[in-house]
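Just the one chain here, the form predicted on its own, laid out as structure tokens.
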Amino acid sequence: MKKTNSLAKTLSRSTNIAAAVFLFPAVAAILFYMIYPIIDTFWTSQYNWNGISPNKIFVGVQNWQTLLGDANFWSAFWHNVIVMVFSILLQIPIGLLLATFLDAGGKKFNAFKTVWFFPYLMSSVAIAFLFNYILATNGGLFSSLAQLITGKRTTVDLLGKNPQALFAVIGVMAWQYTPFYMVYFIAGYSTIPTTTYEAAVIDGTNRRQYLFHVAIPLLRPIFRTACILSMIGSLKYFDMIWNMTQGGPAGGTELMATYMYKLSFQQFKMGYGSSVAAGMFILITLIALFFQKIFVVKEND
């Protein structure tokens, strides 16, 4: 009996050691690349610092007081909210529509699946430059079409005026990220047993009734995760906005991330830029928790 207990303890100890060895690199990476930068950002937000000089001036909560009254920051936050709402309203329904089309067609539509997924594989920077040419005032696609229709020289300025610029960028974002949700919903459809569809057919339901009363309700957990992913992603957009408009014109497409970048790396206000970054972290976390709470309540209902 004692020998058995000794073997069990030795096995348990060996298992724990092996688990610690394999987990250590992941835990170390999380601590170094995620936890430490967050703590350092909050710490730096207490200083007046240009990001280069070794001298930091401690200002306490002064940067946070400035942030609370910063109209530019709250304007950027409002633009993020607009992007978030339209990202959910555009990307997820269109992704579901495309996934439904492909699921109904089966293997015959695999070519569509490949072609429609191309935008998501492209770099955001490359897409930004591509659409800068497409949306250009002179020689762009829309200006050329307007000139063709009207028969005279016509310019369509979508990136140089507000609020058109913000909605033009939202459209480009939807073009890139909708394929992700298409594949996500295709995976969701694949989890529905074929026996469910067969039982629905036996009960006399048609394809439309099966879709709206059986399939989509079964995809509710997929919808929840997709909405949270879209919401979090839209609150931290940077590269596409920066390469298309750099927050212009006149701050019309300024987002929290672009505003933080300008403060930190163009105006060299690293302390205040850290406050903006910390404010972003707090707002994104609160919104994510709020959305998660809403979805949990709805699922419980």
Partner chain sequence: MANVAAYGREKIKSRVSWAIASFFALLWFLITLIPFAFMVLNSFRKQFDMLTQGVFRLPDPWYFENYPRIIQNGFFGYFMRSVTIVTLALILLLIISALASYPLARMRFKLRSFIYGGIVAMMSIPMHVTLIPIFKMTNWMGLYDNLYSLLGPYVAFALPMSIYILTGFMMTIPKEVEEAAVIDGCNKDSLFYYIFIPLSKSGLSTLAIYNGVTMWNEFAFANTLLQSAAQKTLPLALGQFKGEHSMDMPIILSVLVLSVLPMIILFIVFQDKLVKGMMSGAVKG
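The shown structure was predicted, so the numbers you read here are calculated from the model rather than taken from an experiment. Residue numbers count along the first chain shown, from 1. Between two forms, the rigid core is defined as the largest C-alpha subset superposing within 1.5 Å.
Just so you know, the form predicted in complex with its partner chain exists too; it's not on screen, but the next bit is about it.
### Query
Of these, 202, 89, 71, 125, which has a heavy atom no more than 4.5 Å from its partner chain in the predicted bound form?
By the 4.5 Å heavy-atom cutoff, the listed residue in contact is 125.
### Query
Counting only non-hydrogen atoms, which stretch in 162-170, 194-202, 117-125, 72-80 is within 4.5 Å of its partner chain in the predicted bound form?
Going through the listed ranges, the match is 117-125.
### Message
My question is simply whether residue 37 lines the interface with its partner chain in the predicted bound form - judged by any non-hydrogen atom within 4.5 Å.
### Response
Within the cut-off, so yes.
### Message
residue 49 versus its partner chain, in the predicted bound form: is there a non-hydrogen atom within 4.5 Å?
### Response
Residue-level check for residue 49: yes, a contact with its partner chain.
### Message
in the predicted bound form, does residue 30 come within 4.5 Å of its partner chain, counting heavy atoms only?
### Response
Yes, residue 30 is a contact residue.
### Message
Even though the partner isn't displayed, in the predicted bound form is residue 247 close enough to its partner chain, meaning a heavy atom within 4.5 Å?
### Response
Output for residue 247 is no: heavy atoms all beyond 4.5 Å of its partner chain.
### Query
Three residues, 187, 264 and 277; all within 4.5 Å of its partner chain in the predicted bound form via heavy atoms?
The answer is yes; 187, 264 and 277 each reach its partner chain.
### Query
Does the distance between the two CA positions of residue 14 reach 2 Å or more between the shown form and the other one, the core being superposed?
Indeed, residue 14 is displaced by 2 Å or more.
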